[in-house]
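In structure tokens, the next block holds one chain alone, the form predicted on its own.
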């Protein structure tokens, strides 16, 4: 177990009973693995259904006539363009266009949105949103019109993810039908529930926020199904890495912008051109001159994983970049990594060298993802 200063999951007793091994993550005591081990947990998720407790993440409800305007200022997207139940991957940026956090926003109603934020940034995100709402209320155009009102509510929910090819079937057996819900959509199936078809594994799956008592009932029903297995943070990391998905704090940080991270697909063209989001001018300047570095997939030769922090060099021994995430990909069958390299070296097939304990390991720039995404989009 971690120290007493760590935050604890509401369902921690269930993880202890399941034999979880705990470790510290983003200020929380989190289940890293269960008795099956990371390899089996990873493969079970791809083949069947993995159940993850992600209650360290935070759900915020943004509501009121000014909700759209607040989100359009906070994020480089168009909240007004979202249809009811549609979800969008986006960011909070700083004035230099660095990524403060990446998040998913879902439109629940004409003036209601759900924001899912990362654990390590949750408190800062809440403060950021509340300060923006206050700034808008005191200085924005809405005050003169008497229209501005945006409320930020941090919800107290257990947050579960069920991911994998049989996730929908396991939920159906537990009494939750998912048939009409498509990838990157979310809704409120019951009072005090939020459910989206999304996740962090590259597989079809769902994320469900609900009150603790109901969460305990749902977990019990799901675990009666032999297709469902508890999966810890270690396998969640290997799954998302194979899927080419970023971890904030490693692959994206307040020092890295969306263009360098290869995430401009998340920003609509019209918003890039004329959006008034925080960091807009800085991002336009980066796009005009072109990013100096780019996020890439890295495939090391052999079986030796290349970990975060390893320096990268070109064929002549010149510094070329660094690794941000790395490990072994159980589904890929070989080591997988991501990192940043000089833009001129970012072409797939380029051979570099990673320094691991004073040894240079050959690595190839590899297209992302390492394993194909299997989302249900239609």
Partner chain sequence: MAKTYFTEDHEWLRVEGGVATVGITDYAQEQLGDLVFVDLPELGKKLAKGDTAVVVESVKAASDVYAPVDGEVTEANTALSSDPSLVNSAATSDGWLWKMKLADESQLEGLLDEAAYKAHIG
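Predicted model only: the values in this text are computed from it and were never measured. Positions refer to the first chain, counted from 1.
One more form of this protein should be noted, the form predicted together with its partner chain, which is absent from this view; the next part is about it.
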query	finding
Contact residue in the model of the complex, from 67, 38, 51, 57 (heavy atom within 4.5 Å of its partner chain)	38
Its partner chain: the contacting residue among 216, 299, 307, 173 in the model of the complex [heavy atom, 4.5 Å]	307
4.5 Å heavy atom contact, residue 21 to its partner chain in the model of the complex	yes
Distance check, residue 121 to its partner chain in the model of the complex, heavy atom within 4.5 Å	no
Exercise: residue 237 in contact with its partner chain in the model of the complex, heavy atom 4.5 Å	yes
Partner contact for residue 289 in the model of the complex: its partner chain, 4.5 angstroms, heavy atom	no
Residues 303, 328 and 357 all lining its partner chain in the model of the complex, heavy atom within 4.5 Å	yes
Among 188-196, 165-173, 229-237, 71-79, the region lying within 4.5 Å of its partner chain in the model of the complex by heavy atom distance	229-237
Members of 196-225 lying within 4.5 angstroms of its partner chain, judged by heavy atom, in the model of the complex	none
